[in-house]
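Just one chain follows, in the form predicted alone, and it is written as structure tokens.
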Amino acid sequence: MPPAPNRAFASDNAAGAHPSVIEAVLEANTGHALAYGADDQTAECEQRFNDTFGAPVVTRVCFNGTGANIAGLATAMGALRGPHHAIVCTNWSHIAADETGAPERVLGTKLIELPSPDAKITPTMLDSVAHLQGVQHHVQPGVVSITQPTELGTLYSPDEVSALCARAHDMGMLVHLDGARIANATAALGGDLAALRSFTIDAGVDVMSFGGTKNGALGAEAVIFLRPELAEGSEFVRKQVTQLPSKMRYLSAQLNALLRDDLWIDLGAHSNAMAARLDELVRDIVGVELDGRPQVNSLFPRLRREAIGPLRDWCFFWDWDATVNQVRWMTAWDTTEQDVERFAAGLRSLLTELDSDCRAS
């Protein structure tokens, strides 16, 4: 097998920070600036998000994705004016499966998890919670939370988001969008700001998290209130859920670097392209089973069981569903063509060697 391409396919979380982000942080590291967002970088960041969405929005910079989701959801739940509301999401959603029960513990809010084969919610699926409304014995569905792209690498089209928002709003519910990988979705659905707006503010999404960490930032996220009136009290909520950065200029500077000249979309497009290239190079290898083409920057192949351990020892990646020998490979903004080619060559070599051993025995 050729030299391993390090950990290039473990996760986009494993990637380093983009040089422009590092440079922006260094530039911000000059002199004294007022804390808690009263600085030039944060003012610039807020304006850049207004420009990005083509409308006055309210931006709250946060430390991390889980915190941004909690801050956004907490404010949305507050807007509903009652602790008896619940959040509707899929069983695959990050807030349900990968945030250690943070919404339940921090918000004291019940999650209503809807089973979904593709990790997406449809308007029809909301009918399954309609019977709860108005019945005093049940929590009241208050917020629908979707992820774009989903944890299975699937995408909502703008029309799908619009239809879902319309149904949710008809039911008196708000819509939250977890955008940890918003750059990958935007790149896949058109690759410009019009594409972003088409499945967020234009589609009727009320509040969202905007991810930077998985797309070239050191660590910076934001909650964006696309309906500014829903942001009432959000500055207090952000502090209360421990997401108010003291030296906010450093987080805002990272987001400014990504938003400048739409670098964030370019990085997402590159990540998606590397996943497509990897799919192209491994799809014909005997012992690799793939379903549809990757829509963003993730592949979920099923491999021969005996190949998984040696391959992971050579180039680390995570299991996805061990019961069917399914793993996850993810590309990132800094994944190179050479990384992809070496990984594909190593996989092909390993499976060929295993085939030879089987025939020999």
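Numbering starts at 1 and runs along the sequence shown. All of these numbers come straight from a predicted model, not from anything done at the bench.
Note that the form predicted in complex with another copy of the chain isn't included here; everything after this is about it.
Student: For the interface check, one of 162-170, 211-219, 282-290, 149-157 should have non-hydrogen atoms within 4.5 Å of another copy of the chain in the model of the complex; which one?
Tutor: Careful reading of the contacts points to 211-219.
Student: Verify the flagged residues Phe53, Gln295 and Ala344 against another copy of the chain in the model of the complex: is each one within 4.5 Å by a non-hydrogen atom?
Tutor: Verified in the model of the complex; spot residues all out of contact, no.
Student: With the partner left out of view, is Thr242 within 4.5 angstroms of another copy of the chain in the model of the complex by any non-hydrogen atom?
Tutor: Looking in the model of the complex, residue contacts with another copy of the chain include Thr242, since a heavy atom lies within 4.5 Å.
Student: So, in the model of the complex, is His176 in contact with another copy of the chain at a 4.5 angstroms heavy atom limit?
Tutor: His176: no, not in contact with another copy of the chain in the model of the complex.
Student: Give a yes/no on whether Asp334 approaches another copy of the chain to within 4.5 Å in the model of the complex, heavy atoms considered.
Tutor: Looking in the model of the complex, residue contacts with another copy of the chain include Asp334, since a heavy atom lies within 4.5 Å.
Student: Tell me, yes or no, whether Ala43 is in contact with another copy of the chain in the model of the complex, where a contact means a heavy atom of each within 4.5 Å.
Tutor: So Ala43 does not count as contacting another copy of the chain.
Student: Can you pick out, from Ala194, Ala130, Ala97, Ala273, the residue that has a heavy atom within 4.5 Å of another copy of the chain in the model of the complex?
Tutor: Selected residue: Ala97.
Student: Considering only 57-79, what residues come within 4.5 Å of another copy of the chain in the model of the complex, judged by heavy atoms?
Tutor: Heavy-atom contacts to another copy of the chain in the model of the complex: Phe63, Asn64, Thr66, Gly67, Ile70, Ala74, Gly78, Ala79.
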